[in-house]
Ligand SMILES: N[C@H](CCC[C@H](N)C(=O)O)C(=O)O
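Take a look at this single chain in structure tokens; it is the form predicted alone.
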């Protein structure tokens, strides 16, 4: 069987996109998803996303990590699927879609997508790190000399050693200037550093604000794949109207034999 696919990226976080409105993609085929995401034997991506019909929203987003397992929310993937839906003619400048963590709203202008993320009201602050869930679980830790830090080794140690079988995404952060931070992320499911992580930079922005390292409600995040911005409203420790904004572009499209 030949499969039509599209490749999208958001600040270097890349995804295989499948229009699955006719439900032709084999459901929960872990080996197939992992093969398609493999950078040597497949298309190559940090994850695979199915766009499906939904009775109560413009579409449904089903996200798989590069290891082939269905996973929690992906922020950059959410932005990319909105751009994909616009390309398919499903939406125009506004979108409302269902993901694993609920309904999301987004707007798109040219190649920039602004995605509303889930509210955050549980933030655990420890001596040298912060833990919170922004649709996916995230460990946020400040470090020095972030440019030369071994993210894979450091992230792998925390992902497996600290958080057990389910693991957590691990974010390392360093301040650049007021309300701007450098971020590098080790992603579970990819089991390596990715060029960007949407739920990760969202977690960093909220963690830095909650701990007083940032003072504004608009925060810039510099990732190896480019810049993202996160805005929010904070009321009594709860973060609402959380928005993740940045570029989301189609890289190429093609067909692949999946037999």
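Note that this is a predicted model, so its numbers are computed, not measured. Positions refer to the first chain, counted from 1.
Note that the form predicted in complex with the ligand isn't included here; everything after this is about it.
**Q** Against the ligand in the predicted complex, would residue 197 count as a contact residue? Criterion: heavy atoms within 4.5 Å.
**A** Within the cut-off, so yes.
**Q** Determine whether any heavy atom of residue 75 comes within 4.5 Å of a heavy atom of the ligand in the predicted complex, and answer yes or no.
**A** Residue 75: yes, in contact with the ligand in the predicted complex.
**Q** Decide whether residue 171 counts as a contact residue for the ligand in the predicted complex under a heavy atom distance cut-off of 4.5 Å.
**A** Because no heavy atom of residue 171 falls inside 4.5 Å of the ligand in the predicted complex, the answer is no.
**Q** Test of understanding: in the predicted complex, would residue 59 fall inside 4.5 Å of the ligand by heavy atoms?
**A** Contact check for residue 59: no, nothing within 4.5 Å of the ligand in the predicted complex.
**Q** Using a 4.5 Å heavy atom cut-off, which of 93 to 101, 106 to 114, 67 to 75, 146 to 154 contacts the ligand in the predicted complex?
**A** In the other structure, the partner sits against 67 to 75.
**Q** Taking the ligand as it sits in the predicted complex, which residues of 154 to 191 have a non-hydrogen atom within 4.5 Å of it? Please list them.
**A** The stretch 154 to 191, when checked against the ligand in the predicted complex, contributes 169, 187, 188 at the 4.5 Å heavy-atom cut-off.
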